[in-house]
Each structure stands twice: as structure tokens, then as C-alpha cells.
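The chain below stands alone, shown as C-alpha cells; this is the form predicted alone.
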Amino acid sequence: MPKINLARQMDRQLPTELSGFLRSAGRVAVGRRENLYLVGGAVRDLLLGEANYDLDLVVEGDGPALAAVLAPGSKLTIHRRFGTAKFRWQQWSVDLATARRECYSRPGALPRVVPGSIGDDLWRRDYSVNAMAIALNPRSFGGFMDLYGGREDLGAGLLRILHERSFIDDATRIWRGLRYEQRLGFKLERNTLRLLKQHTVMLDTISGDRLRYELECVLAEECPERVIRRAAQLSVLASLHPYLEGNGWLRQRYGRARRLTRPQSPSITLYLALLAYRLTEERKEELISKLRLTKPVARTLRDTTGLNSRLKALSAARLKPSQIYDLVHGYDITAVTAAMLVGGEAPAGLRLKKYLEKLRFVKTALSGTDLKAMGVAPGPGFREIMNKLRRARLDGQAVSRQDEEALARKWLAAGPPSPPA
């Protein structure tokens, strides 16, 4: 079989600066008597003709040490346990790892690693299409390495694991497979699909932090609902929580979210809030605990429950703007956005939209300092006057500073309200 060299394709597809960096990195590596390779998704996407400028490099040598030479003065993120370093070169992200072999002490555990060859490093990867490499040393620059049939699988549109224990060793590969399948428009190879179904239970061996990371990667996809729907079909979604659903309801809400935030993508937290929206309070707490969600994200999920309980009140006829404000104010904005997307064109949804677009930004002209100058002493009455002024602004009863001053003086002259009998 003739040797393949991708140097011209690299020069053609990669930005000139990036191609130059790779050539320079190869020269530095050979000067250190090390062999450097471009691996993983960048190689896959190069063969597919897709743009992927985040570089994954592997060196038969010392990854962190080489990174320090390639990026002097740059901030390096180093993981000594795995022999990896991450840095930015101009506007691009670079991961540089020591070639290694991996050994798993038990299913789901992080691997024990020892230095190895490029062949060892490619063998430890998830799918054959991600287990190809391109040599970067000057004499062999562009040389293509495909030890496990990745190029053939790429041409056939297949995702194939490299060995029978792949999902047992690291079940997060299940989630990654579903992401690649939907992103690339590929299919899981028959035996890979069989083993995925058989070993879905191994997801229970993965820590909550790692499961959360995989879910965040799904929600960062262009259309995450496709991955979630496929995960639901294969009972993978149920491993996160048995009551999560990847159906048409979710697809519609995710579409609304994208239309709302374009040209940006919706936040991962918004997508997650919609995914968990219809879970009961108790089931949301189970999901929060399982995924070890951060306090801000957990608050968003909890606030969707509180807002859901107010949808009936928000649907009432002839609500004043101040009443809408009082029903919604204090809830997390992402939770309000999720509830608005769920409500759609129904009255509650439209009122939540009004709150998000207008009401939450309404401010009084008078400040606390102004009230003190008018003789209002700090205390409950002070806060009540500020709240009443805001309501007057919201409902159009005060449209200027003078209107607010007149109302404040009127309330002060009337004195404090009588205590209830």
C-alpha cells in the first residue's frame, strides 16, 4: 500500500500561521530527539475537509517540557499524572501530550499511564476515526499513520471502537460516540452498537463530575437535541435520570432557544434547564446530586420549579405590569428564560417575555439618597416606599422624577399605615 503524505493538504486547509507553527514544532522536537505528531479530531477533520484548528499533539518524549519550549512565557496548564500540557498559540488552543499506554484498575476509573509509543497512544483512543496521526518531524512531515483502519471507517461513515473492552474501561466513550454520530452524520458500526447497548450499565461506574462534563459537551453541540434523542433511544439518557426525555417537546424548546439567542448559541445552563424542566422537584434534586451541579446551575433548575408553580397566576386576566414583576422578580434570569420558552405564545409565556425584555429594567428616578434627603428614615417604611415607587413606574402612574417626588410626599404626609386590628 503506497505511503500517504498530507503535507500539501495541511498547507492548503490550515491557516498559514498554524501550518508554520506545526513545522516549527516538528523542528524543535527533532532537536530534542523526540518525535511529534498531530493526532485525533484535527486529523479526522482534515481528511473530511472540515475546519478544526484546535490542535491535539502527541510527542514520543516529554510533553510538558516540549510545551514549555514551544510556548515560552505562555500560561501552561499541566497535568503531570497524564503527561499533558495545554496552552494557547496566538488564537488557537494546543494540547500537547506525552505518548502513553493506559491501564484501568477497574471500570470507570481514571487510567494509570506510562510512557509509550505513538502506536500505544493511538490504541488508547475511543474510535478508529480519532486514532490517526500525522508526523510533524521535518524529514517525515505530513506522513500519515493509520494503524487501526480509521481512514476506511471515515470513508464508510462508521464509528468503530478499537477493542471489546472499550466501553467497560471508559463508559464516557458512549456519550462521545453519540456526539460524533450526530455531528458527523455517521453511524455506529454494528459490533460497536451491540457493545454500546450491552455496556450502557457501565455508565454507573463514572463519577458525577465526568458525567456532567460529557453532558456539557453534548449541550455545546450545534443541535444537542439530536444527541439527546439518540441517547434516549439507546437508554443512555436514562443513565442520567430515568425520567429525562429526548422527544419532540424538547426539540421545539431547543429550537426556540436558538432563535432567541442567535447569532450566539444558547448557554449550556439554559439547555440543561429545559432538559430538566418537566422533572418534579424531587427528581431535579436527584439530578443535581448525581451530576454534582454547581450552586448557580442548581439554583437555575430549582427556580424553574418555582416559576412553574406561578404560571397559573401569570395567566390571569388583566395583570398589571407591577403584578407581573412581583410574580417573577427574584428568580434566576436563565430560569425565567426557560419558563418563557416553555410558555411560548400562551399568556404566561408572553408575560415572562415582557418581564425579560422590559419590566426587569424599569428603575425609579429617585434613589435611596433622595428619600433620605426628604426625611425618610431607613427601615421597613423606606423599603416599602421604594417598592411603591417602582410599581408606580411600572404601571405608568409615575413617568418623571417630579411624579415620583409628588407620590413620595403624599405617602409621607399620610403617615405610616395603621397596624391591623
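The numbering used is simple: start at 1 and walk along the sequence shown. Remember, predicted model here, so these are calculated numbers, not experimental data.
What comes next is about the form predicted in complex with a small molecule, which does not appear here.
Under a 4.5 angstroms non-hydrogen atom cutoff, the small molecule in the model of the complex has R173 among its neighbouring residues. The small molecule in the model of the complex comes within 4.5 Å of a heavy atom belonging to N130. Proximity of G63 to the small molecule in the model of the complex falls outside the 4.5 Å heavy atom cutoff. Using a 4.5 angstroms limit between non-hydrogen atoms, D56 touches the small molecule in the model of the complex. Proximity to the small molecule in the model of the complex, taken as heavy atoms within 4.5 Å, picks out 37-45 from the listed stretches 385-393, 368-376, 348-356, 37-45.
Among K284, R226, R253, R124, the residue placing a heavy atom within 4.5 Å of the small molecule in the model of the complex is R124. Only one of Y331, F141, Y180, Y148 lies close to the small molecule in the model of the complex, with a heavy atom inside 4.5 Å, and it is Y180.
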